[in-house]
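Only one chain is given next, in structure tokens, and it is the form predicted alone.
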């Protein structure tokens, strides 16, 4: 063991030490604008590449966007499993508690997004324990989109053979229909910013082993998730579906976050309540035709009575 210094020697060492050596290094300022710390200023000679945050004096962009995923209360188990599947596919998302589905949900969600330091929000809203609506919003200034979710199939239901690494970065593919109309172009940009995993994210893996496919068929957006299977060369690369599956029917596009001026409204949208009402009317129409047929039969019997049978009492005693 080393010898202990005397009290006088310790005082001399403390006086010889400079204030820079004694004080801890100053922490860089926290930035929320997407730029690395100290990126704008000149590169220091003794600083590391991570602390300097610039390459040759050029600012380096760091994507800090995160997505908040939550749902409404009294949601069905099937829709909750779909939300959990989406959470497992997006390593840059944050899951929060359930939110009450009322008129003030926009202010509540904007506050939650700000508290969780996110920039986008996906809100799964279930109504009447039957219908599922999906909100995609850029918080806090918008825009936001409201979808009706149809044809829901979770990973537990499908039991497909595909599999990919959890947290790997996906490749997003879109059909050419997204470039035709302005509202489809806006939806494409929002989907890209939400579903694309930021580069060098701490929870992501530096691999591309699956594909997110978005296709427009009959004015609906169909989502599929495929695994990239490379059995040898590039020519032998195949796609195996992983799941989940769902279909998005756009209802409205708003200028603000969860509200605001309407930028686009789907003219072909029919609410599920109207569809159920039409089905009830159709069933009620069948019953009404049966009642009318019975009434006509009775009226016909009254107008055309049968003649009395002369042999009816022949075998009676």
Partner chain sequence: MGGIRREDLFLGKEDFMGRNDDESESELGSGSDSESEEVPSSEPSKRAIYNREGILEKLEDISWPENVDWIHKLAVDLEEDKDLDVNDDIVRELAFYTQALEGTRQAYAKLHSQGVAFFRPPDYYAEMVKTDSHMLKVKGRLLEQKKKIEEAEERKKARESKKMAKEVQAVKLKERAKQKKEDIESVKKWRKQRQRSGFGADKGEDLGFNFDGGGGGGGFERSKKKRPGVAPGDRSGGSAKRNVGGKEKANRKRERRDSKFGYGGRKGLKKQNNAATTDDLRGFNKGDFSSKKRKKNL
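Note that the coordinates shown come from a computational prediction; the quantities given were computed from them, not determined experimentally. Positions refer to the first chain, counted from 1. C-alpha atoms forming the largest set that superposes within 1.5 Å between two forms make up the rigid core.
Omitted from view is the form predicted in complex with its partner chain, to which the following refers.
Student: Please identify the residue among 129, 176, 103, 77 with any heavy atom within 4.5 Å of its partner chain in the model of the complex.
Tutor: Contact with its partner chain in the model of the complex is made by 176 alone.
Student: Assess the spot marked by 138, 141 and 186: is its partner chain within 4.5 Å of a heavy atom from every one of these residues in the model of the complex?
Tutor: Every residue of the candidate spot has a heavy atom within 4.5 Å of its partner chain in the model of the complex.
Student: Should residue 205 be classed as touching its partner chain in the model of the complex when contacts are defined as heavy atoms within 4.5 Å?
Tutor: The answer is yes: residue 205 has a heavy atom within 4.5 Å of its partner chain.
Student: Give a yes or no for residue 214: in the model of the complex, does one of its heavy atoms lie within 4.5 Å of a heavy atom belonging to its partner chain?
Tutor: It does: once its partner chain is placed as it appears in the model of the complex, residue 214 has a heavy atom within 4.5 Å of it.
Student: Under a 4.5 Å heavy atom criterion, is residue 94 part of the interface with its partner chain in the model of the complex?
Tutor: Residue 94: no contact with its partner chain in the model of the complex.
Student: Is residue 118 close enough to its partner chain in the model of the complex to count, meaning some heavy atom within 4.5 Å?
Tutor: Residue 118: no, not in contact with its partner chain in the model of the complex.
Student: For the chain seen here without its partner, which of 121 to 129, 67 to 75, 95 to 103, 214 to 222 has a heavy atom within 4.5 Å of its partner chain in the model of the complex?
Tutor: Stretch with heavy atoms near the partner: 214 to 222.
Student: Taking its partner chain in the model of the complex, which residues along 258 to 284 bring a heavy atom to within 4.5 Å of it?
Tutor: The stretch touches the partner through 262, 263, 264, 265, 267, 268, 270, 274, 275, 278, 281, 282.
Student: Checking residue 285 here: with the core superposed, does its CA move 2 Å or more between this form and the one not shown?
Tutor: Passes the 2 Å threshold, so yes.
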